[in-house]
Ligand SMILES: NC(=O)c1ccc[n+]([C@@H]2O[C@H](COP(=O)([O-])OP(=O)(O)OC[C@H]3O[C@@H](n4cnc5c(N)ncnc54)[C@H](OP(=O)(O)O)[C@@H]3O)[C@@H](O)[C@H]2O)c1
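Quick setup: one chain, the form predicted on its own, written in structure tokens, and binding and motion questions come after.
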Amino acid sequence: MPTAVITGANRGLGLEFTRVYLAEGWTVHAGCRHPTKADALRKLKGDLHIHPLDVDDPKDAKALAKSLGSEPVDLLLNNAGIFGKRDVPLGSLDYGEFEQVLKTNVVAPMRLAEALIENVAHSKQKKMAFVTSRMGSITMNAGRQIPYRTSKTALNMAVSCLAIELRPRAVTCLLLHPGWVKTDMGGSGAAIEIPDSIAGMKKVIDKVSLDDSGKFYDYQGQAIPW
């Protein structure tokens, strides 16, 4: 059966992704900051391997790569991310937090992608998926939320570059917008339930090929303008 690596797997989208792939018989390497506190994750059934992974810590990325060794990874699912403070007006931006949002949402997933390139390239499916947001679309920009929007735009460009670099190795790189989902980040007023978002994104992941590498889709499989 195939193997997935999923970040931010202890709650929200990451937890549901993990549950769904385990239910289909996949081997899942699930990363989260504090495995001993990840009660919901540890209760999942299947071929589950939980790794301590603070995506901001380069040592954790190296440790995960070392623990995987040469094991093929069919799907690297970079899900972990943060929003930062909401509705901060221009003139009051916290640049320390701005840097943190960029570090977590852009630098961290790219670092992990680099660390696991060989694992993915030597698998059968050869896929990398990155959870982004349509808030990173310049075409659809409505202003506000500058740090978060900027981080997702930067992630989109980074993955677009990654898709070009890895095309000769037949690795498909995909950007996914989950929708406005009822998670800790999305809030209780969000329109989409977690299982619906995950089911939709998984369908997209399942059907994409190398021809789709570098593209930007929502959870319903609709292309999002850059």
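Residue indices: 1-based, along the sequence shown. Here the structure is a predicted model, which means the values were calculated and not measured.
Just so you know, the form predicted in complex with this ligand exists too; it's not on screen, but the next bit is about it.
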Q: Tell me the stretch among 89 to 97, 112 to 120, 72 to 80, 137 to 145 that has any heavy atom within 4.5 angstroms of this ligand in the predicted complex.
A: 72 to 80
Q: Please check if residue 185 has a heavy atom lying within 4.5 Å of any heavy atom of this ligand in the predicted complex.
A: yes
Q. Applying a 4.5 Å heavy atom distance criterion, does residue 133 contact this ligand in the predicted complex?
A. yes
Q. Should residue 180 be counted as a contact of this ligand in the predicted complex, where contact means heavy atoms within 4.5 Å?
A. yes
Q. Is residue 126 close enough to touch this ligand in the predicted complex, meaning at least one heavy atom pair within 4.5 Å?
A. no
Q. Looking at 171, 175, 55, 28, which is the one with a non-hydrogen atom within 4.5 Å of this ligand in the predicted complex?
A. 55
